[in-house]
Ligand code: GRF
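In structure tokens, the next block holds one chain alone, the form predicted on its own.
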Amino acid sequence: MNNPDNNNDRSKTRLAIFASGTGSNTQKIIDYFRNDDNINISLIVCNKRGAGVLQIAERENIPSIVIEKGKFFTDGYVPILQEMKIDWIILAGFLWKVPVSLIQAFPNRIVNIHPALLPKYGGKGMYGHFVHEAVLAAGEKESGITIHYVDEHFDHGETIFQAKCRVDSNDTPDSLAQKIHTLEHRYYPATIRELITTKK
């Protein structure tokens, strides 16, 4: 773990962001809450050593840990999260299934964003370009994002928020991904804030 003593202010709601990749959504969330009086990004959790999101954590002086699969699916790193007084877990491109131990420790406090309009195009293996390719192959006229609670099944928990975008006949997986990223960056941080504020 790097920078474990960063921000000891316990008066704020403390978020841990779980991510597997470059961290574009993570950066937007950090920027959104940078000067927030009530919410603090307190930990970055990543399952891939060398992932771009870890560079973001270092640059932003936010503690980070790289998790190991066996331990994650055993205890969900719950003791570490509890030790750091984490209140909510935000998934931002995190590709491992969340274990039951973690879900039970944070009931209705784990939130994910999916790059499609669930319940369509969800489930195991449906992430990133795989989702956009499936949407285009099916001839869908619209796609979008779904922000939802996390339960024991992939992309299955209760929907919190959806936003839509048009799928044009000339869209490619890359161009559709750009439309989805725009929605993610616009709506995910604000939805997180509203959710936490209303559930306090």
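When you see a residue number, it is the position in the sequence shown, counting from 1. Keep in mind that this is a model prediction, so the values were computed, not measured.
Keep in mind that the form predicted together with the ligand is not shown, yet the notes after this line are about it.
For the ligand in the predicted bound form, the listed stretch (86-94, 117-125, 101-109, 68-76) containing residues with heavy atoms inside 4.5 Å is 86-94. Within 4.5 Å of some heavy atom of the ligand in the predicted bound form lies at least one heavy atom of residue 23. The ligand in the predicted bound form is approached by residue 113, whose closest heavy atom lies within 4.5 angstroms of it. At least one heavy atom of residue 181 is located within 4.5 Å of the ligand in the predicted bound form.
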